[in-house]
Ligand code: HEC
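Next up is one chain by itself, shown in structure tokens, the form predicted on its own.
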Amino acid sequence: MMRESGTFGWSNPIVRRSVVGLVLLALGSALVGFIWLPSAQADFSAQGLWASICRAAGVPTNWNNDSAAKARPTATNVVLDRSMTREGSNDAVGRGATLALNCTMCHGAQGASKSDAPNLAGQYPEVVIKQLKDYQSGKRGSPIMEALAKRLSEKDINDLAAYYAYLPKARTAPTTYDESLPALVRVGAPLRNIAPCVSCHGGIDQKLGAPWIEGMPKEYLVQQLKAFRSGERRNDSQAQMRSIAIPMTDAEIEEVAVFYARKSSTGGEN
């Protein structure tokens, strides 16, 4: 049988309601996806329809945005090299010891701090070199350290690093791997992209440029982890420490700091 003309045409009220409903649904979805959801994000800024569409789709607005890349500040200007790890000569160590007299008020006469400043005795030389150069360039902030570092020459920095590396490591013996270590120290938290502390920070393994933190003052460790977490400190290449610290809770930061600061200068437990 032939269907009656108009049964499925625009004159049919069911068809009209269906089309109108689909149009309204599409408009509503567009408003939610391109305006409401993006505006609910903390870093939202209105940059036009194309930017909103790209943001909703999860793709960049410009696939070759060189200007945006250049605008992002670099974390550090220091390129780590294995040559920085070489043992300093006797002359370098002696000259570094003289320069270090300016550092004793905060870092201790033998590189072991009693004022919540970092211990420098036995610190890897490339760590001292990198941090002093970051202070020089302003990549790591501290009014006192920036002022002191800006007066240092390249040779001064290398000699200071040689001297502190020459001193015996402060306060505590290296960590050994066993089940008693806190979970974040021993295995990290893979589901939150937190690497185990022992994989970089000495004792079991050491990554080039990662500081020795055994026996560091607890408050210093807490302060630095929270500074990485908040973004206040940003001189970690490729945001390595920021990526680890951001998911950490206050309790986890406290636990890690207590563990690494667990021994006093006399070798007893805190």
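One-based numbering along the sequence shown. All values derive from a computational prediction rather than experimental measurement.
Missing here is the form predicted in complex with the named molecule; even so, the following discussion is about that form.
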>> Can you pick out, from 84, 200, 112, 181, the residue that has a heavy atom within 4.5 Å of the named molecule in the model of the complex?
In response: 200
> Thinking of 92, 97 and 122 as one candidate spot, does the named molecule come within 4.5 Å of a heavy atom in every one of them in the model of the complex?
Replying inline: no
> Even though the named molecule is not shown here, does residue 118 get within 4.5 Å of it in the model of the complex, heavy atoms only?
Replying inline: yes
>> Under a 4.5 Å heavy atom criterion, is residue 236 part of the interface with the named molecule in the model of the complex?
In response: yes
> Though only this chain appears here, would residue 142 touch the named molecule in the model of the complex if you measure heavy atom gaps against 4.5 Å?
Replying inline: yes
>> Does any part of residue 102 reach within 4.5 Å of the named molecule in the model of the complex? Heavy atoms only, please.
In response: yes
> Does any residue in 207-228 get within 4.5 Å of the named molecule in the model of the complex, counting heavy atoms only, and if so which ones?
Replying inline: 209, 210, 211, 213, 216, 220, 221, 223, 224, 225, 228
